[in-house]
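One chain comes next, on its own, written out as structure tokens in the form predicted on its own.
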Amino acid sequence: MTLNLKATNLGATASASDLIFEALREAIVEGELKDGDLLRQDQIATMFNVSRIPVREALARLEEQGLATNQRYKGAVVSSLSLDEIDEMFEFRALLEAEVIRRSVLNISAETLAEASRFAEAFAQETDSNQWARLNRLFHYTLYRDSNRPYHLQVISSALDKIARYLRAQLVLTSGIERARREHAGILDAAMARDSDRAAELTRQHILGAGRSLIGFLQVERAAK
């Protein structure tokens, strides 16, 4: 297997492990690395022109975030999630993100609303499916920003990293993108009206609906294998 990463010569870089971690994280989140793909330390070290030490550190961080798993006799591989784990993650996101946007809308600025509107429009107009997950994340994160809950946002970011590759496939291969566009418009309208409770409820429904759609998609896909 050939790893598809944005590699850089990091031989003399003090933060090599950080940069390797970010490159691997991005490749996993974007779906360039698939479930079960082997993350060979020697191959990665050669790509980045470093020793195995920063590679091991980067892989350990991926394990901490649930993006990689260390398998006996095999080494680190890209983690896969069961349907039950994905379902629970969407339930958790629905609870947390609904509360975060409720708090944010209570304090939301005109600048934040304008930026969220631009991301919603960009998402609605984008034809490159490779950009959908990124724009979707930017739209939601912008609306959460004024919640003043940095730890909540950190947890949300970690959860999104774990499911992003599955969600991207669902958006591309089902009708999820059209529904997401409509639901984004509703959430944005509620935020602009400063209706925090409605924004929270629409966000909750949006996430749970996306979770149900994704689970249905994965059940069919995995049954066919």
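Residues carry their position along the shown sequence, with the first being 1. Since the structure is predicted, the reported quantities are computational estimates derived from the model, not experimental observations.
Just so it is clear, the following notes concern the form predicted in complex with the DNA, a form of the same protein that is not shown.
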{"item": "The DNA contact in the predicted bound form: Lys74, any heavy atom under 4.5 Å", "value": "yes"}
{"item": "4.5 Å heavy atom contact, Lys34 and the DNA in the predicted bound form", "value": "no"}
{"item": "4.5 angstroms heavy atom contact with the DNA in the predicted bound form for Thr46", "value": "no"}
{"item": "Arg198: touches the DNA in the predicted bound form, heavy atom cutoff 4.5 angstroms", "value": "no"}
{"item": "Which of 22-30, 159-167, 180-188, 47-55 sits within 4.5 Å of the DNA in the predicted bound form, heavy atom basis", "value": "47-55"}
{"item": "Sequence-ordered residues of 15-38 touching the DNA in the predicted bound form, heavy atom within 4.5 Å", "value": "Ser15, Ala16, Ser17"}
